[in-house]
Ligand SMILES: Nc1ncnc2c1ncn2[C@@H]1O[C@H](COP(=O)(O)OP(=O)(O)O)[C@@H](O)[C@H]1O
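Take a look at this single chain, the form predicted alone, given in structure tokens.
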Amino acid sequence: MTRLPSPVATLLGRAEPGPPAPEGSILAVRDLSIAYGRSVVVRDVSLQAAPGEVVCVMGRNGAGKTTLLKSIIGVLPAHRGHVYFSGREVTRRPSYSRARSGIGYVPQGRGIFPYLTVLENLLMGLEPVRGRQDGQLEEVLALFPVLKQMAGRTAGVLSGGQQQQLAIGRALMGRPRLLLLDEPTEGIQPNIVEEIEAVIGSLRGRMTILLVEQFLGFALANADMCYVLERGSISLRGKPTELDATRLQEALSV
């Protein structure tokens, strides 16, 4: 039986450093395994994203998609493997350090502060840039006009779609170069899904986006590259036009 490195050793930085970062990618994941206790839920995953790309990770519920994003942002430690961002290994760096280096994260379920106002939620997103404002508030409100209209309202009274827009806007306040989006269309009304899709299109080329998504049409319409997780491992990868449609349906069907 292969013994996985201790998560404590990983967090304390005693794990072996990885090979040099791959050239030409802003994000690279190499042979990454993640476990809850003794249960390995993501196994030997490798993927990468070039600057300005939209990369989509798909899979059934429980395939390990959210776990993968949490490890990339540093919420969950890697038991084995390596994560590189912008040419540097960040595998053992804490999540706040990764955020300050330019990784934005929109978790599944949005994670807004329900008792703060919309504006206060947005301003919380300035922490990665240490409170510095250089026009990003105006840019976010231009992307999501409804947030400007509701700036003084308590965030908890917003609809699910409006909360999702707020969560994305808050992440953009930190000026990320890599944006992690976990199920942005989950439980969202169709008209707001269209607005979120338009925002992703406007961000393409300006930042790299790693998108976790179950809605196949949305994923294929927006992705430059796709990876499919099955039982914690990548079973398919390729550009949307290159993926075998039958095999893809099999991998995603319940």
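Note that the structure is a prediction, hence the values are computed from the model and not measured. Start at 1 with the first residue shown and count on from there.
Another form, the form predicted in complex with the named molecule, is not on view; read the next lines as being about it.
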| property | result |
| --- | --- |
| Partner proximity in the model of the complex: residue 60 to the named molecule, non-hydrogen atom cutoff 4.5 Å | yes |
| Partner proximity in the model of the complex: residue 108 to the named molecule, non-hydrogen atom cutoff 4.5 Å | yes |
| 4.5 Å heavy atom contact, residue 185 and the named molecule in the model of the complex | no |
| Distance check, residue 193 to the named molecule in the model of the complex, heavy atom within 4.5 Å | no |
| Contact assignment for the named molecule in the model of the complex, among 33, 67, 222, 48, heavy atom within 4.5 Å | 67 |
